[in-house]
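Below you will find one chain, with nothing else, as structure tokens; this is the form predicted on its own, and questions on how it binds or moves follow later.
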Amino acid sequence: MKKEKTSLLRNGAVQSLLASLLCILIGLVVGYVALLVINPAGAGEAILTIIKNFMTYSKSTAQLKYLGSTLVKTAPLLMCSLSVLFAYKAGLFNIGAAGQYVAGVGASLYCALAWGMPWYVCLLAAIVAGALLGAVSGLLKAYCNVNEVISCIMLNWISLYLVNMLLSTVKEEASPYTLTLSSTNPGAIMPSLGLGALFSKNQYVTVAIPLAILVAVVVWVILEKTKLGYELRATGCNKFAAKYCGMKEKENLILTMAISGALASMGAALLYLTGFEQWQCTQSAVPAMGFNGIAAAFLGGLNPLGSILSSYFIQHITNGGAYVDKTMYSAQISDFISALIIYLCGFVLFFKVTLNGYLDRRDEKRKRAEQTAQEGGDAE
């Protein structure tokens, strides 16, 4: 029985899960302490409100409706996390997911509002735009040895201002926001296929949610079960060794960044083609969704399936912050707790090393005890 427990604890997936849960627990405890310092009177209620999110409502209909809203925001976050982890698995750090997300917003909304395209064409346009933007970083990395972090950061801002200018042509006259899909082009809204009815007729719950989960499964299959995934990971580990083995290392780098960009931009389309949000053409900061994807990827143990749970959790507590008593605390307290959890994710490797060291010492003690008992039995 002991051997089974030891082998289970040595499993990488189990260790990642335990590390993530530990990060979440410590983050919530530290967040609670911060709430106590700010205003001890409502600290307990505030932390519970953040954790409960939509469960703060007493009626089940309201709970289901706002659960649906949380899931709507989870879908793009999941796609951004897949974008980050896909590149990371191939040895690249895609900090440009935010810019690729913006490119997806621009392509999908312009196709929908300016050209009146149906939702699936708008979705494909977003994927292509993000793939092209990601491929630019891949090309610079492959042929000019430009660090992908630097090129991605530059492209983030270029994408933001280009999209602002592009979507200014399809914005409302009296506001900086783009036209609504429902009034301009209802055919660009992703179909619900009855999913909205499951969440108290929440009109924003569409096929975007199951589609994001399906993509996560596909990414896992590609990375873990295919020749392409093996080659991409091998190139990321050592591009010179990959080249020696006959792999096309330059093409693999470009393909990795293109796929990564396509995933992030697809996430943008999965949100904006529901009509849940409008783009603000005067926006001066890159949306946080792309950067939150980094957090979701690492909290999920850099596993596509784990990212599904981590993306939901981060969005859950983020939405929960909106229900905190504003007279006592800022709504950004949930962002603070998320940031703590993200920071603690940096110690996941330390946790694994510490756990493995403890298991090694325990196994050694057990072997010594068994050896001593055997020697005593032989002496008798």
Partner chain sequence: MEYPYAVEMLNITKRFPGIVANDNITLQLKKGEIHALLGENGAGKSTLMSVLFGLYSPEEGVIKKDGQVVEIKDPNDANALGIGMVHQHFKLVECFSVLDNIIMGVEPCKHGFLQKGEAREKVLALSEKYGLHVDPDALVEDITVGMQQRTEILKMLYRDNEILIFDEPTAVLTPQEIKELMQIMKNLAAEGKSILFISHKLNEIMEVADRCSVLRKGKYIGTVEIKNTTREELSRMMVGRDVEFVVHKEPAKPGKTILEVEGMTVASKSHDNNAVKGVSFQARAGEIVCIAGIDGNGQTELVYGLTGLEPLKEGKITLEGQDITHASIRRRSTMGMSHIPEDRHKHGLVLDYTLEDNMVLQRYFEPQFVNSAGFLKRKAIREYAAKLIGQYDVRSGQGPVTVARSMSGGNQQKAIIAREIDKNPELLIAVQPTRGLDVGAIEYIHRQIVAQRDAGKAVLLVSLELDEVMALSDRILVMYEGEIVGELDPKATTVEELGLYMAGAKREGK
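Residue numbers count along the first chain shown, from 1. Fair warning: this is a prediction, and the values are worked out from it, not measured in the lab.
We do not show the form predicted together with its partner chain, though everything after this point is about it.
K.L.:
Thinking of its partner chain in the model of the complex, which stretch from 179-187, 131-139, 223-231, 118-126 has heavy atoms inside 4.5 Å of it?
P.N.:
Within 4.5 Å of the partner lies stretch 223-231.
K.L.:
Using heavy atoms only and a 4.5 Å cut-off, determine which of Leu162, Leu193, Val217, Cys245 is in contact with its partner chain in the model of the complex.
P.N.:
Result of the distance check: Cys245.
K.L.:
Find the only residue in Leu198, Ala241, Val146, Leu305 having a heavy atom within 4.5 Å of its partner chain in the model of the complex.
P.N.:
If I apply the 4.5 Å criterion carefully, the residue I get is Ala241.
K.L.:
Indicate whether Glu370 is a 4.5 Å heavy atom neighbour of its partner chain in the model of the complex.
P.N.:
Output for Glu370 is no: heavy atoms all beyond 4.5 Å of its partner chain.
K.L.:
Report whether the minimum heavy atom distance between Ile213 and its partner chain in the model of the complex is within 4.5 Å.
P.N.:
Contact check for Ile213: no, nothing within 4.5 Å of its partner chain in the model of the complex.
K.L.:
Does any heavy atom of Ile150 come within 4.5 Å of a heavy atom of its partner chain in the model of the complex?
P.N.:
Taking the distances in the model of the complex, the answer for Ile150 is no, it never comes within 4.5 Å of its partner chain.
K.L.:
Could you tell me if Glu364 has a non-hydrogen atom within 4.5 Å of its partner chain in the model of the complex?
P.N.:
Taking the distances in the model of the complex, the answer for Glu364 is yes, it comes within 4.5 Å of its partner chain.
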